[in-house]
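We begin with a single chain expressed as C-alpha cells, specifically the form predicted alone.
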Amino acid sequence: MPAVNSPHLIKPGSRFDIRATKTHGDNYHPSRKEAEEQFEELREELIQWQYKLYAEQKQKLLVVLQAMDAGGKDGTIRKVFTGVNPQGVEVTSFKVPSKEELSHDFLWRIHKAAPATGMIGVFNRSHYEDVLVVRVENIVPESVWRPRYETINHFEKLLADAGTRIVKFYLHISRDEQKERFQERLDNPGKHWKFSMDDLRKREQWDDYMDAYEDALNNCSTNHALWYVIPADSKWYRNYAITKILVETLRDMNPDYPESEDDLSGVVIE
C-alpha cells in the first residue's frame, strides 16, 4: 500500500529513535492559526470521503491510536471525527482483557472489532498492548511477547489482503506534558474520573515504556500497516497532522458513490 508522504512516517526497515523525536508541533508547522484553519478544511473533506466510503461498501479503513496515559487518544477521536456519519465509524476501546478474552489468543478480541466494508474502525489502544503493557509489567515472559511482533505483522497483512487500509498513529508526548495533563485532571473535579493512581505508577516506568514503544514501532511499521509518530504535546498540531494523513489516505483509496441498480431516468415523484 502506498505511504502517505509525511515527516512522521516510520519507513519500513528504518531505525526510529523515540527519544530523539520532537513532541511539539512548533517544530513542524510555522503557524498554529494556519494549522487550525487547514485542520477545519481537512476535516470537512474527511467527512465527505467517509460518506463516500460508507456508500460504496467496498473498502474499509482501520485507524489505530496508541499513546502513553494522557497522550490524547480520546481528544483525537473527538476532534478529528466530529461531523462524520456515526453509522460509518465504529470506535473500540480496548481495556484490560476480560476473563473470556484471556481464554482466547491475544488477537481474538481484536479481530472481532476489525471494520467491515464501508466502515472506518478506530482502535483506542489495540493489539499493541500485548507487546507494551505485558512487557513492562512482566505479565508474560519475553519468550511469549517477543514473537508477537511477527504475529501482529501477519495479522495486519491478513486484514490488508482482505481490503482493509491500516493507518497507525503513536501520539508522542513528553514526560513534562504528561505531568501538566495529569495536574489538570487533578485540578478539575470534572476530570477526576479520568485520573487513576495507577497512572502515577506507570509514569515511574516511563523509560521502560519508551523502550517498549520504540521496539514495537520499529518491528511493526510495514508496507501494509504503517506507523506514524505524531508530535502530540500540541493538540492543534496533532489534530491537523492526523487529519491530513487520513484525508490523503482516503484520497488514495478514492471511494465513490455507487451507481443505482435501477434505471431512475424515468422516475417521477407525484
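One-based numbering along the sequence shown. Since this is a predicted model, take the numbers as computed values, not measurements.
We do not show the form predicted together with a small molecule, though everything after this point is about it.
Across the proposed site, F94, P97 and K202 without exception bring a heavy atom within 4.5 Å of the small molecule in the predicted bound form.
Comment: the small molecule is not present in this chain, but in the predicted bound form one of L186, V144, L158, I139 has a heavy atom within 4.5 Å of it, namely I139. This chain appears without its partner; in the predicted bound form, the one residue of V167, V134, A114, V89 with a heavy atom within 4.5 Å of the small molecule is V134. Stretch-level contact check against the small molecule in the predicted bound form with heavy atoms at 4.5 Å: of 158 to 166, 124 to 132, 81 to 89, 174 to 182, the positive one is 124 to 132.
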